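First comes one chain, alone, set out as structure tokens in the form predicted on its own.
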Amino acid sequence: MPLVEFVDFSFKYLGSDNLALRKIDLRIDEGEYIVITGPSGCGKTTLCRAINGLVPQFHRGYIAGHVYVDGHDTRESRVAELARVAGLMFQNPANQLVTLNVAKEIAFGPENLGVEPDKIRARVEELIETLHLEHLREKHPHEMSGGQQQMVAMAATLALEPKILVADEPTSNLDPKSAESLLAILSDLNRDGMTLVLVEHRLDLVSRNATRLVLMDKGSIVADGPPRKVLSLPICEEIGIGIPKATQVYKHLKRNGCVLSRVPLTGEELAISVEEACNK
């Protein structure tokens, strides 16, 4: 059984004229690292909300098909129940920060799930250390920068110890160095068994470690597969996603008759592939 499965799922927000999601069929197996990307308004955020039950339990509207999360139909399950399985980090982290300081914010979720106090304290300390939040421990979340709020929201979500972490643009407010640091932490979590679903536009940073890239447009999935395969498709340029520069160079070389051994995702991979081609 997949950890998450969309079966012919469509959704339209109450009052909207257009479907936000259109006949989605998507299977997410345990341990995968999936990146979802596509132009603004294509349905990425709605897809995330559907995984943890906010759609349709909180956001109402027209619905068809089903979403199953760890065997539970999201139509029949409360968001609080699904939070134990699918932890969602919002696109705007300020929307999910509700307490007076960082330590309390991280503890808030486990407290509401009835986790024992000793385990909560240990979990808080572990996440503060892992995400390098010691200097923010006693700071009010709404006095922080957007990037700091994202890190705290990530810690609060991980404190629930979900089977699957769903993060909607988790690096959008981070500088490149901080983004790389956070993504390295997430990659380590994935190697330890956590399933990741990230909505991202910074494909140069996330595609190298992802196992799958899901490309969306106008509420539908238009491509799904290994990042190198999807990023080499012409549809990426057609709908205007941020293809890594190394992959763009690969495509340019291919159009001009120079075919490299594989699709590069980073500058280092591009350099190695070009050197190999020159030495043939």
Partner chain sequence: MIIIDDVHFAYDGIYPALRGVSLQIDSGERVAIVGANGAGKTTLVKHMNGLLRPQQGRVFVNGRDASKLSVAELARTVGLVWQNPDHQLFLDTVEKEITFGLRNLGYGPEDTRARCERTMSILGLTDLANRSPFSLSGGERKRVALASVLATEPQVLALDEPTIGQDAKQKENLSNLLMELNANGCAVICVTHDIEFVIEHFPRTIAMSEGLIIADGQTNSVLTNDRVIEICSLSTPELTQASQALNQRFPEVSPRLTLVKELEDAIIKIFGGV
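Positions refer to the first chain, counted from 1. The shown structure was predicted, so the numbers you read here are calculated from the model rather than taken from an experiment.
Unshown form predicted together with the partner chain; subsequent notes refer to it.
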query	finding
Listed residue that, although the partner chain is not shown, lies within 4.5 Å of it in the model of the complex (heavy atoms), from 117, 176, 193, 71	176
The partner chain in the model of the complex: contacted by all of 40, 239 and 258, heavy atom 4.5 Å	yes
Touches the partner chain in the model of the complex: residue 249 (any heavy atom, 4.5 Å)	yes
Contact test in the model of the complex: residue 81 vs the partner chain, heavy atoms, 4.5 Å	no
Proximity of residue 270 to the partner chain in the model of the complex, heavy atoms at 4.5 Å	yes
Partner contact for residue 161 in the model of the complex: the partner chain, 4.5 angstroms, heavy atom	no
Answer range among 32-40, 219-227, 62-70, 48-56 for contact with the partner chain, defined in the model of the complex as heavy atoms within 4.5 Å	32-40
Contacts with the partner chain in the model of the complex - residues in 179-207 whose heavy atoms fall within 4.5 Å	180, 201, 204
